[in-house]
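Presented as structure tokens, the chain that follows is alone, the form predicted on its own.
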């Protein structure tokens, strides 16, 4: 059987079997060899081969068997590359770098601009810019994406630096395993001889005294040798519970950059980018609809696109706004209600018992600035208005004032349960029909 003639059908069948993992770059795959029940699929690079092996093997195997009518085993392999500079980075331990997590696929907005710029700068000069770098923010805002993008970009340099990328849990588990095997010296050598150490979710060092001790010495060894250290967590260093003060101090030595929930315009761009990566064609109207439904977690955007694609494929219908609404009904958020800045101001002024004139005035007492900043934060996250438009509604303030207010309220939301509860209450009131 000439598998090249039916490979397109196999790929399309695999997409329908597993909508969550479809990617536009599937069109770059090709059938290398098919003999004796083994189908070898050629991949452009190691990252895509790893992604397919760990996420898509079952769907491609099932698709191949359904299309060919034979018992088939699928294998993914990287085809020989001509250019040496395209080789993957040298890594201390085998890891899976996600092919989607590149700088080109990262949508930059006011909420993540500093974090993105610092990562790009570091990828071009490991150990010489922003060392250490500490990224923090809630789950699903792109921290892991940026960490892996640094690894990918830096690894393409001609000197092919040795990069160690893993989760904090992975670091702890390998440390415990080294102690049990009596190979601590080998563990230390492995981690302290790299050009860059990149650890995700470092907050899990909390309450692990022995692991913190080991990480402290690893940090010192790398820093003193001019090696790059990049860390991420769900909160700033000083807010990680049960973390030793000496580690907090070191984490603050370099640049600490927060990532806040994206504003409306950024969310629309993220929806469009995620749809493009998956090869899903959606209109601007659908992208705006999804951006209205999802406020603070990019992973939910991916889930929404998966649901829409799955429904469209199952029903053999084009992706329209009506179909998207049907696919997402009851799955995320509440029914969409058009929200204006006036709606938000009404709720906030009623709750705090202040006047609109007070919010628009130059008064800077806490009783006024607090509600004013909350208005700005809610307007940024619940409406389509730009920073300038929001500032204009609240006394003609410039966009930097609005950005500062949004960042301050977002930080308070993470640090203060009462603020988190208050914002949830206000958002519920804003969304209620009047």
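These figures come from a predicted structure and were not determined experimentally. Residue numbers count along the first chain shown, from 1.
Only in words, not in the display: the form predicted in complex with a small molecule, which the text now covers.
Among 139, 193, 73, 320, the residue placing a heavy atom within 4.5 Å of the small molecule in the predicted bound form is 139. With the partner omitted from this view, the residue of 265, 244, 343, 302 that lies near the small molecule in the predicted bound form is 302 [heavy atom within 4.5 Å].
When contacts are judged by a 4.5 Å heavy atom cut-off, residue 105 counts as touching the small molecule in the predicted bound form. Remark: residue 208 does not count among the residues lining the small molecule in the predicted bound form, judged by a heavy atom distance of 4.5 Å or less. The shortest heavy atom separation between residue 293 and the small molecule in the predicted bound form exceeds 4.5 Å. Taking the partner from elsewhere, residue 144 is found to have a heavy atom lying within 4.5 Å of the small molecule in the predicted bound form.
Shown here without its partner, the chain carries 101, 274 and 298, all of which come within 4.5 Å of the small molecule in the predicted bound form through at least one heavy atom. Listed stretches are 209-217, 105-113, 120-128, 358-366; the contact stretch with the small molecule in the predicted bound form is 105-113, by a heavy atom cutoff of 4.5 Å.
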